[in-house]
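Take a look at this one chain, the form predicted alone, written out in structure tokens.
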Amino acid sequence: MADNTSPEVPVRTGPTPTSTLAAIRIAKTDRTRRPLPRISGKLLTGIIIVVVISLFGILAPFFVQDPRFSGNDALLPPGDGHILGTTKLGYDVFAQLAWGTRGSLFVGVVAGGLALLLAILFGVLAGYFGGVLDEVLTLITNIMLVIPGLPLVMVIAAYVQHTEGLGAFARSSLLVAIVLGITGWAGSAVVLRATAKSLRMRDYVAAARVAGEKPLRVIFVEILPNLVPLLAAQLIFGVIFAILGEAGLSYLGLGPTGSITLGTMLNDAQTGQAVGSQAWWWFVPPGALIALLGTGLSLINFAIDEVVNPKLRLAPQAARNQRKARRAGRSVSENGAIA
């Protein structure tokens, strides 16, 4: 009589790679103990930096003198009466820094929000509907991607600012924010399109469509809530791009001359020969504040990336386990297995 028993499948009895053990352990902890990821050091640091700078830009202008008051002595170093000294025209640098921070934050928020709306329009709609609409929106997105960003912003800003009939709006912070917003959405649209295209195939989205839900309701109820971490990351990226872009435009003389921003402060310092006059207190504070604000927003963005991509959150723990294994005298292969 023939033996119908199936051959035994060899079972691996060797040690499990430390990276796999770390991933399983952290995943179980995330499911059972905390539904949301633990606040990391980079997230806390980024939030503190951004909150402090934001409060400074919102509240400090109420407690400083007029940033356009030129009755002070010129090029005074930091000291009594002027915390950060004065400019070549007698403007108080601390007062200009307070108002410039508010102006840069305004440009960043408006431009970042506008870029995010355009990215949702061109990315999410293209990824969900597909077909001809996807091809048309993707073509427009690709065209915006291949056009160099800074030259495009410079051309649009220079053209709009010399257009008759706009008045004070032609050199305002709002106009610069709009220009930066309509030129900085393409990269985010590509990311959102790919994610929306993946979510469109999920079971809950298919169930909503079978139930007769309208497409826009499916997008707002089923798609966008699952894109919140990604949308937040893209918004922060847009704010960073806008603040740095405004600083670059202002340094080149294409910024909002009708208002004060950190970029216009740098432009005034450059035209006023602050470096040649050794007036470091004129250009160092706005430059340092731009760098700090960009650092804080980047740290928050990195922390959000860890939420969107769990592998980034598990990788540090796996690396620590491997280092512990090496210190214990056990060799660890590239894939994390202990020999």
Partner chain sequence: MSFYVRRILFYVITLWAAVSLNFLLPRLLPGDPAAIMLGKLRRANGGRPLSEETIRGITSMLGAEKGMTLWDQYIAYWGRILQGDLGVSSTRYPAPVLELIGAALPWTVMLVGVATVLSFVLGIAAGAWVGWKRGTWVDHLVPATTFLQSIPYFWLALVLVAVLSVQMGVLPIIGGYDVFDFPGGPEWSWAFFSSTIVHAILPALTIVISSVGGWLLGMRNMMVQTMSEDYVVTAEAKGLTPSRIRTRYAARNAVIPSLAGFGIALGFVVAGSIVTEQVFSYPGIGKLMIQSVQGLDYSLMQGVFLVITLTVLAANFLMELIYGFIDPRVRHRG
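Positions refer to the first chain, counted from 1. Because the structure is a prediction, the values reported are computed rather than measured.
The following text describes the form predicted together with its partner chain, which does not appear among the structures shown.
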Task: Partner-contacting position among 225, 212, 79, 151 - heavy atom within 4.5 Å of its partner chain in the model of the complex - done: 151
Task: Heavy atom within 4.5 Å of its partner chain in the model of the complex - the one residue of 139, 182, 83, 221 that qualifies - done: 139
- [ ] Would you please decide whether residue 69 lies within 4.5 angstroms of its partner chain in the model of the complex, comparing each non-hydrogen atom pair?
- [x] no
Open item on the list: At 4.5 Å between heavy atoms, is residue 162 in contact with its partner chain in the model of the complex?
Closed with: yes
Open item on the list: Residue-level question: is residue 247 within 4.5 Å of its partner chain in the model of the complex, judged on heavy atoms?
Closed with: yes
- [ ] Examine residue 56 and determine whether its closest non-hydrogen atom to its partner chain in the model of the complex is within 4.5 angstroms.
- [x] no
Open item on the list: For a quick test of understanding: in the model of the complex, does each of 73, 75 and 169 have a heavy atom within 4.5 Å of its partner chain?
Closed with: no
- [ ] Would you point out which of 198 to 206, 113 to 121, 139 to 147, 97 to 105 contains residues with a non-hydrogen atom within 4.5 Å of its partner chain in the model of the complex?
- [x] 139 to 147
Open item on the list: Going through 255 to 294, which residues have a heavy atom within 4.5 Å of its partner chain in the model of the complex? Please give them in sequence order.
Closed with: 266, 270, 275, 276, 278, 283, 284, 287, 288, 290, 291, 292, 294
